[in-house]
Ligand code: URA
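This document opens with one chain alone, in structure tokens, the form predicted on its own.
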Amino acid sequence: MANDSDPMVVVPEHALISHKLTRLRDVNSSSMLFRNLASEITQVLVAEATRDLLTVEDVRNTPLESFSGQSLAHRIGIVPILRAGLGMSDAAHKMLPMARVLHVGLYRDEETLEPVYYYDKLPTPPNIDLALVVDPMLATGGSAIAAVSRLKETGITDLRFLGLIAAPEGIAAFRAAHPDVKIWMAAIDEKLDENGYIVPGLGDAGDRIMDSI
């Protein structure tokens, strides 16, 4: 459901998300289990975030007769913020196999907590109508803000951010920078600690996801 104070921030009330998120946070969950749980939660979030997409009539045939169905009207792009976003992009692509996958490489400087670019191959002008930006953690918000800013520079106007865990500070920073971009999160946690990590969080999502590959 939408946040009562901000309809642009959505935390779906879903029993499967709650169940899987509990196990995702567990320090004893293996890397493979962590990756599978992150993938499964992502698929639920993608279904929620694409609920309102426009469709067009699509006439096809069953084994018995023709019928009028619906197909998505948007050209969709899935944009993982490297590297942790890869653990969500595979799951999103399973839900949207027609989507293009574009990559933005950013890492957070551990001293300044500011985002640093290291990979950017985005097409200009864009060849998509809608970008789903995926990154497991929205902590300080710096990487997400920078990635969305870069996507806007290419001309993309319909952007949506999907993540697993957010800190209130990250939500506030992202909303201040991009008030037009809607956010879907599995959970919004208590706070950031003195090192910029989400509490209670789930540890380093990038390490826990990528260790299983």
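Numbers follow the displayed sequence, beginning with 1. Since this is a predicted model, take the numbers as computed values, not measurements.
Omitted from view is the form predicted in complex with the named molecule, to which the following refers.
Participant: Is residue 139 close to the named molecule in the predicted complex, meaning a heavy atom pair under 4.5 Å apart or at it?
Facilitator: Although the named molecule is absent here, residue 139 would touch it in the predicted complex, with heavy atoms inside 4.5 Å.
Participant: Test of understanding: in the predicted complex, would residue 198 fall inside 4.5 Å of the named molecule by heavy atoms?
Facilitator: Because a heavy atom of residue 198 falls inside 4.5 Å of the named molecule in the predicted complex, the answer is yes.
Participant: According to a 4.5 angstroms non-hydrogen atom cut-off, is residue 205 in contact with the named molecule in the predicted complex?
Facilitator: Yes, contact at 4.5 Å.
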